[in-house]
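Okay, here we've got a single chain as structure tokens, the form predicted alone, with questions on binding and movement later.
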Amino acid sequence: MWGDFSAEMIKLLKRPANWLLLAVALLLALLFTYVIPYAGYKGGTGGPTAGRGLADVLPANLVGNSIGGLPVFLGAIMVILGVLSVGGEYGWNTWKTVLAQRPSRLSVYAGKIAVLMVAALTVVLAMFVTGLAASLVIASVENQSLALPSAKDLVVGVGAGWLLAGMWTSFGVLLAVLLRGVALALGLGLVWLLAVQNLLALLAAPLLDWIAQAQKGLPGPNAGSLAAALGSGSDTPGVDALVGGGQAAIVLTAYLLGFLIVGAVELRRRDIL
């Protein structure tokens, strides 16, 4: 498996699209978590982000700020990463080339997943580092406390962020395997994440109690609940404490494993083309 892991890592690092996704993720996180709220605070415009106040963008809130985007817009970036990594093999017809060299399908799949989980952790760590730099600059300019969350809180936050990022990445992987391509998998994944789950939460759940209860078992609401449990603001899209943090972590872990297992079974039993 080490050979498969090394090969997939080289492919991941050499594809410009992956670096672009990382840059977009960090830019969005910086813009919507720090720049716009701080600009609202300084401008005193009374907009929806101004109410967060200066305290919310200080280093003490690094954990919640760093993972708050993962339930929705940063989660969409991870779905794209998963789809491109696996679905691209179908689009470029490279599955046959790889498998003709005698590795098993599951070995190649395991190598891909291992690399994607490393990539997910890298994205989360990069968001924490970017958030740390931004919050320290704001705190220094405003003569506020530079105190950081405890080491335990930081470790838990990184772990939770990794779970969120890994779950959405595995969702993209599963869609790519099931649909054997990029375009449709990407479209359906983003429609679900950015539209369907928000419509369920904002329109259907307030009207139908069974939908309100059922959504507590869906990945999006549990992702938002986990982020809320770790300090993400409730004004962040997709962040809402529908269930407890412990339950959310268990449900998301089940989804992560379920997506990966179903993807492995489907890749092994179905024709590549």
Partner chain sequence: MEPIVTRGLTKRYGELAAVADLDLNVRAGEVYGFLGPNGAGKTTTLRMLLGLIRPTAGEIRLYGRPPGELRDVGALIEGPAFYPYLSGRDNLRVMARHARVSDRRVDVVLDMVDLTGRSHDRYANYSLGMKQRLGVAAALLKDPRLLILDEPTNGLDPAGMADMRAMVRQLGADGRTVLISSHLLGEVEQICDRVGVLAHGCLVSEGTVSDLRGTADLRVVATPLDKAAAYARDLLGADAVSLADGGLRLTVAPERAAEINASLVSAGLRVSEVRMVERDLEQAFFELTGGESRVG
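Source: prediction; values computed, not measured. Numbering follows the first chain given and starts at 1.
One more form of this protein should be noted, the form predicted in complex with its partner chain, which is absent from this view; the next part is about it.
Using a 4.5 Å heavy atom cut-off, indicate which stretch of 152-160, 196-204, 129-137, 86-94 touches its partner chain in the predicted complex. Heavy atoms within 4.5 Å of its partner chain in the predicted complex occur in 86-94.
Is residue 98 close to its partner chain in the predicted complex, meaning a heavy atom pair under 4.5 Å apart or at it? Yes, residue 98 lies within 4.5 Å of its partner chain in the predicted complex.
Examine residue 122 and determine whether its closest non-hydrogen atom to its partner chain in the predicted complex is within 4.5 angstroms. Flag for residue 122 set to no.
Just to confirm, residue 107 within 4.5 Å of its partner chain in the predicted complex by heavy atoms? Yes.
So in the predicted complex, is its partner chain close enough to residue 10 to count as touching (4.5 Å, heavy atoms)? Output for residue 10 is yes: heavy atoms within 4.5 Å of its partner chain.
What residues of 10-34, in sequence order, lie within 4.5 Å of its partner chain in the predicted complex by heavy atom? Heavy-atom contacts within 4.5 Å come from 10, 11, 14, 15, 16.
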